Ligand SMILES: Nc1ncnc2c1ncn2[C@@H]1O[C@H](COP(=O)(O)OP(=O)(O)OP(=O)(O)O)[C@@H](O)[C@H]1O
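In the block that follows, a single chain appears as structure tokens, in the form predicted on its own.
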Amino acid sequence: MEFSLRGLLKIFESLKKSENSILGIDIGTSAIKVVQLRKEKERAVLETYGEIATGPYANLKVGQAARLSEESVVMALKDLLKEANVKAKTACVAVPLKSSFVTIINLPFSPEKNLSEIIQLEARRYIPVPISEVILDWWILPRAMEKDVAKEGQRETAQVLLVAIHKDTVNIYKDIIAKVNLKVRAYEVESFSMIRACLSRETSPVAVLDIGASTTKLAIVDFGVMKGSYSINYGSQDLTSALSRSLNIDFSRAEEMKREIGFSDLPENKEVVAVLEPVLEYSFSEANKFIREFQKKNQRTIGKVILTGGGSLLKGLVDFAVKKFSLEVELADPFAKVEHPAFLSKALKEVGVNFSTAIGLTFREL
């Protein structure tokens, strides 16, 4: 485990299993995260949470992205559920963005026609694999809110958010969850869960930057709807690897230095900062390009950037991001939406960005 949960577990050890409890499971490349909440009088109450590194299950270091076999994922998840004292029997599971297809399409709109039939037919033009191989879902964007009906001559069109997940991916997750004796309530693309946990009621477009171990994912959200997404093949483990090579130290020591120093402005830390900057420069530059393209195409100005994911915990990263994006930047605080003991607030605020997706999954059901 990356940190001890025992203090939290003692608080909740007297709680009985509730039918209102739901578990969010986020199986990432460097760690698996779980959050268990229960619904109590229209409130979301934290029961337990936990995180376990996947690296050691593949003979790698903590912080390294690992491609685990199904058996190893089951083993790690079982260990985590036991350590976190999870009691819920029903779970929502995150599906990686890379294993899904998300886009917004414009379709002919007519109140006399069944739009769902049109969507299923049109989806074949956009999804790069046979429709029979995916699970398809969609959402017709509200016209009044999104102003997503446009006239092309005399023809009206409606905007539709189209989502497809490959059935093979879902089947893998089904097997994993069944082997840890849980029932699945729902599967959801990780970006949607993350957005639900990180955002409130922003009226201007917001960019949510999720810095994971192997990738950095950007989501543009407008009126609560993900209007664009972009994946960058650099993550927090690339920062650690750069430090390891540059300073000629092993990965574990480099990971410690990265977490302890980050973007410290102390003179004695200049060498570390000089190694980290170029890696993040690339990721932030790519994200900035996507943001500018969105603003130009949609004539909408992005108001701020929200940082989430384990890689966003670097000291001084918010100030660094402000300089690079020239926008307001803040760290996500998903546990702020959850009722919990007051003395845990500081600890939960510090680790919250790690659990955005898992918390967002539970919010879906609660």
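All figures in this text were calculated on a predicted structure; none of them were measured in a lab. We number the residues from 1 along the sequence you see.
Another form exists, predicted in complex with this ligand; not displayed. Remarks below refer to it.
Interface membership of residue 188, defined by any non-hydrogen atom within 4.5 Å of this ligand in the model of the complex, is ruled out. Under a 4.5 angstroms non-hydrogen atom cutoff, this ligand in the model of the complex lacks residue 159 among its neighbouring residues.
At a distance threshold of 4.5 angstroms between non-hydrogen atoms, residue 214 is in contact with this ligand in the model of the complex. Taking the partner from elsewhere, residue 30 is found to have a heavy atom lying within 4.5 Å of this ligand in the model of the complex. With the partner omitted here, the stretch from 304 to 312, 336 to 344, 40 to 48, 323 to 331 that lies within 4.5 Å of this ligand by heavy atoms in the model of the complex is 304 to 312. With contact defined as any non-hydrogen atom lying within 4.5 angstroms of this ligand in the model of the complex, 354 is the only contacting residue in 320 to 354.
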